[in-house]
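Quick setup: one chain, the form predicted on its own, written in structure tokens, and binding and motion questions come after.
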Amino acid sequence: MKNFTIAKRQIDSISVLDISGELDAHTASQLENSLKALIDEKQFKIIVNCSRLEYIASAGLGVFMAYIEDVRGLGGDIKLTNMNDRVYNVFDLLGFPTLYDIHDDEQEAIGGF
């Protein structure tokens, strides 16, 4: 099994998920559960820090797609930060940069809320 971890931390009213490893069909449910838990806790300002994300598959992208509308409908957003080129290229190929706020770093994303 591939290594995938999620660490959650809080910066004021913003929840940050630090994801690392490989996000694929086997690990996507972990991200889904984390996002669900944040929504249940009424945490709608979410940053996903991808600095240690090595790989993302379509299942991982699907999780973001599934939750972005919900979170935005509740007045929040999911912003993505610190992607390496390989991960960014996957998002870019699918036109995600037009749908999502993708930032170089956390400070920039925090400023976007």
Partner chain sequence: MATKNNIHTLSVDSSTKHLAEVRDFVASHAKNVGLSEKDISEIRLAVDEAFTNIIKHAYKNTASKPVTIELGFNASQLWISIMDEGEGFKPDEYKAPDILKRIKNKQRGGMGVFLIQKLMDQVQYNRKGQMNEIRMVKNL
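Bear in mind the structure is a predicted one, so any value in this text is a computation, not a measurement. Numbering follows the first chain given and starts at 1.
There is another form of the same protein, the form predicted in complex with its partner chain; it is not shown, and what comes next is about it.
- For the marked spot (Met65, Ile68 and Val90), a heavy atom within 4.5 Å of its partner chain in the model of the complex is present in each of the three residues.
- Not displayed here, its partner chain is kept clear of Phe44 by more than 4.5 Å at the level of heavy atoms in the model of the complex.
- Although the partner is absent here, Glu32 sits close enough that one of its heavy atoms falls within 4.5 Å of its partner chain in the model of the complex.
- In the model of the complex, its partner chain sits within 4.5 Å of a heavy atom of Leu61.
- Taking non-hydrogen atoms only, Ile11 never approaches its partner chain to within 4.5 angstroms in the model of the complex.
- Residues Val90, Leu93, Leu94, Phe96, Leu99, Tyr100 are the members of 87-101 with a non-hydrogen atom no more than 4.5 angstroms from its partner chain in the model of the complex.
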